[in-house]
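For reference, the chain that follows is the form predicted on its own, supplied as structure tokens.
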């Protein structure tokens, strides 16, 4: 796609740490695909689309801090959509979302519902006020909520609820969130011998988005997050760096 100028039409404060930036163009995309967002004068970073015309951002570093200073009428640059999104399969699916990882799964839940697929979501966050897109998931099907501080529903981690599920009864499972959480989900799925049914959305340091620079390659397979991902099946990740480490901008390993 040709790089485009995106003007912000609305900013929604979703949680104390996350905002959704709606812009003036609607992008045809598969849930799970991402765009490269250029915050002028600061940096260009990959962001999953949370709606066809929006990104949902958690303030974490220099680029997202600069993005949070923008409002309606301001603009940023966009390239994309890029990458491999989620593949909807079967008649009954489970979504496992942690924190801002709920962003790409919200669109997936709505697409599944529109295709008459039965949806169940396990939605986790540090606290009730940090839960993202609760209403979207609730409207799409069954919803189970877990909060680390116990402020709403189950007191604990999302993976603790996953541990209580019979994963074999689902045609497909989708997960996005902290990598340690997703790694635990993969371990549970391996116990059911269904790792190929689980699709994970990974985050790595992406520079070009075109598969040229190799910055986002996964050890030792060489699979590129930007082109071969960011969505991978569990059996593709067994025996890789997944859940162990990632690389920073200089290529140095950073332990998870």
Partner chain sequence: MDLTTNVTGLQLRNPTILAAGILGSTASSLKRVMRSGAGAVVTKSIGVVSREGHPGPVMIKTECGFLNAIGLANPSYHEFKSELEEAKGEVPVVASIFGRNAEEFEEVALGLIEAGLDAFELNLSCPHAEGYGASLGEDPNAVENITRAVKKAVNVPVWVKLPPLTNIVKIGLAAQRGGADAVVAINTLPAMAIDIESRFPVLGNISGGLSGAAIKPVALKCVYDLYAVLDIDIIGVGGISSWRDALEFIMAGASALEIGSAVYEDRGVFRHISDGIARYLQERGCDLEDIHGVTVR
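A quick note: this is a predicted structure, and the numbers were derived from the prediction, not measured. Numbering follows the first chain given and starts at 1.
There is also a form predicted in complex with the partner chain; it is not shown, and the following applies to it.
Undergrad: 79, 184, 120, 134: which sits within 4.5 Å of the partner chain in the model of the complex by any heavy atom?
TA: Selected option: 79.
Undergrad: Tell me the stretch among 38-46, 23-31, 187-195, 51-59 that has any heavy atom within 4.5 angstroms of the partner chain in the model of the complex.
TA: The contacting stretch here is 38-46.
Undergrad: Quick one: does residue 255 come within 4.5 Å of the partner chain in the model of the complex, counting heavy atoms only?
TA: No.
Undergrad: Can you check whether residue 70 is within 4.5 Å of the partner chain in the model of the complex, heavy atom basis?
TA: Because no heavy atom of residue 70 falls inside 4.5 Å of the partner chain in the model of the complex, the answer is no.
Undergrad: Does the 4.5 Å heavy atom contact test between residue 247 and the partner chain in the model of the complex come out positive?
TA: Flag for residue 247 set to yes.
Undergrad: Taking heavy atoms and a 4.5 Å cut-off, does residue 221 contact the partner chain in the model of the complex?
TA: The answer is yes: residue 221 has a heavy atom within 4.5 Å of the partner chain.
Undergrad: Any chance all of 99, 180 and 239 sit within 4.5 Å of the partner chain in the model of the complex, going by non-hydrogen atoms?
TA: Not one of the three qualifies.
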